[in-house]
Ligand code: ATP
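Only one chain is included here, represented as structure tokens and corresponding to the form predicted alone.
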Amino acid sequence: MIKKLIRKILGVRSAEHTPREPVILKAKEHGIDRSLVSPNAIRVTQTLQEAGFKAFIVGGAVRDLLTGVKPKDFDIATNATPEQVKRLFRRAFIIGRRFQIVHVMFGQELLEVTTFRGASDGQVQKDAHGRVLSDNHFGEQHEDAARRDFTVNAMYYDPASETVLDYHNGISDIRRKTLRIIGVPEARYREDPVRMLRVVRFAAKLQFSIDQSTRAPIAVMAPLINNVPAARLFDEMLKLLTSGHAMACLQQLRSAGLHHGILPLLDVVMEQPMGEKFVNLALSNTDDRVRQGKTVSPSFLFAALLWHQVLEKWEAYKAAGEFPIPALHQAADDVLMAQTDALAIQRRIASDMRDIWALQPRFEKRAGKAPYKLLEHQRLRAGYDFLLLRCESGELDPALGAWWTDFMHGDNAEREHLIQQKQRLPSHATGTAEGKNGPARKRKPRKRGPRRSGTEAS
């Protein structure tokens, strides 16, 4: 009796009260537009069903369909084992350690097929903090629903019958625009601390509020993020920053107290007026590109987020007597090393970030053959976009960005004229680090169509 009272007070439902039967919503009740469903996702569910298995579109795709949004990805849930799924499709690959899944390829489209997960039986491998390490345990559909993170992600759509199966009142939470975790929040966060980041990302992306019982433990349990493998944390951070609502996500992270475990120095950046403007511009441009369906370069994005930390250290090294170029490389090393423990930034991405940063002082050399040599650099476009971002934020005079816009789009004669014009000007009139003895002369950029700036693919 006492245990039941405690569970009632805490809002905790015991395992025996986990719904075994779903609420079944017909087409008129859920209103999903079938034309928004990937034909390949329908093909996968149909193939599995014809082979005698259950198969449903599940998770975020169903959530998006219920809100009238065309999903970017489609996940399939089935009672077929990974080996049984693989035998049914020509291009199918089993992946995963913690829980095996099957990737089914149709041209460029990748569909993720997972077997229904079973309830934890107490033998699941966990670390000292309670994080699940290995869990290849299959089960029934109602158990799979209970294992999913949030109610809005725990619905199943059958394209054949056009019905939605809802085990945890997810449709109600969607209509109330509320994110609510399934089960005991503390236990679910301990099993997988990344769920704390996911709830922030979904809240920002969907513009949903977070249920109070779901939000309350986050501030206390935030340090568990430090136990997440750095590579997985980097992937989650990238999803967050490329969600199309990056700024809203970062604001949610800060309000929840989670940012210290991801970008520990981000607060320092945001406290600097110029740094804050620079980050805001970078994230705003990223959001615009995502909404337009354009690609986003992770290298450019992280280079922008960490730039003012590099800039601060660069200035410190120069003040200590280091030459500018070695000082910049040392500053980059320091900043990237400081992030290693928190984010496993891939070597390729880190290399591209260094290139973008290293190009910046080269843009200030506009005499002789230097500008022509820079045109041949493979990271020119990303470096140029980064330069424009610096000019737009007020870090550099806009005249520098305007000069390079004209030079990059000009013909040979126009380029020679720009170099000669630059050489005839007093150094203080250039508005760059080449001369700081007087006010910079501002000039309007030539009109040559829309300018690409922001997180340009490098």
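As the structure is a prediction and not an experimental result, all values here were calculated from the model. A residue's number is simply how far along the shown sequence it sits, counting from 1.
Just so it is clear, the following notes concern the form predicted in complex with the ligand, a form of the same protein that is not shown.
- Stretch 65-73 is the contacting one of 47-55, 65-73, 28-36, 386-394, since its residues have non-hydrogen atoms within 4.5 Å of the ligand in the model of the complex.
- Shown alone here, Lys294 lies farther than 4.5 Å from the ligand in the model of the complex, counting heavy atoms only.
- The closest heavy atom approach of Gly401 to the ligand in the model of the complex falls outside 4.5 Å.
- Although the partner is absent here, Asn153 is a contact residue: one of its heavy atoms lies within 4.5 angstroms of the ligand in the model of the complex.
- Proximity of Asp192 to the ligand in the model of the complex: non-hydrogen atoms within 4.5 Å are present.
- Note on contacts: among Arg232, Lys86, His329, Lys277, the single residue with a heavy atom within 4.5 Å of the ligand in the model of the complex is Arg232.
- Here is the short version: of Arg180, Arg366, Arg148, Arg289, the single residue with a heavy atom within 4.5 Å of the ligand in the model of the complex is Arg148.
- Every residue in the set Gly60, Arg201 and Lys205 has a non-hydrogen atom no more than 4.5 Å from the ligand in the model of the complex.
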